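Below, in structure tokens: the form predicted on its own, a single chain.
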Amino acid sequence: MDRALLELEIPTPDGVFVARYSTQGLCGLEFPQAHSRIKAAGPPRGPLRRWHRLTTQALKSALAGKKPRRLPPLDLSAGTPFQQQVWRQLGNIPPGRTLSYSQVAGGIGRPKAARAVGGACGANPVPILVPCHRVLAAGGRPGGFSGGLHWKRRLLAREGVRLV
């Protein structure tokens, strides 16, 4: 079941992102697509208006390589308990820093779950704001990224991270 109540576009210099909101908060963020446009839903009202403003500000800060001052409420309830634990841990990685999949696994008390951490990163519904791009494979290699490796490299470069 699709939990999103509203989809809104966020125009940026990098393209138009699509934010999805549930009654609990931001539940999805999609990278710009070459040919997709959503139907205009009219201006958001009530808490959705505030959440969208916070999402827009946070996304633009993150795209500039900076830590967002404030995030909107995040609705990550579509993930498993393990995925949610990983996503919370990712939120602790500051801009300009990276961790390996195994370091994230160790940080949540599951040192042998590096592959599962990779799966959780790939399933992250709110990339960039839940910074899965800051998680690298062994040896500092980029690993994968739901938005494509070009996005991972771009985001990390803006944060001052040099990849091998």
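Treat the numbers as computed from the prediction; the structure is a model and nothing was measured. Residue indices: 1-based, along the sequence shown.
One more form of this protein exists, namely the form predicted in complex with the DNA; it is left out here, but the text below deals with it.
- The closest non-hydrogen atom of A64 lies beyond 4.5 Å of the DNA in the predicted complex.
- None of the heavy atoms of W51 is located within 4.5 Å of the DNA in the predicted complex.
- Heavy atoms of R110 reach within 4.5 Å of the DNA in the predicted complex, making it an interface residue.
- Contact annotation for Q57: none of its heavy atoms lies within 4.5 Å of the DNA in the predicted complex.
- Using a 4.5 Å cut-off on any heavy atom, the residues of 123-141 that reach the DNA in the predicted complex are, in sequence order, C132, L136, A137, A138, R141.
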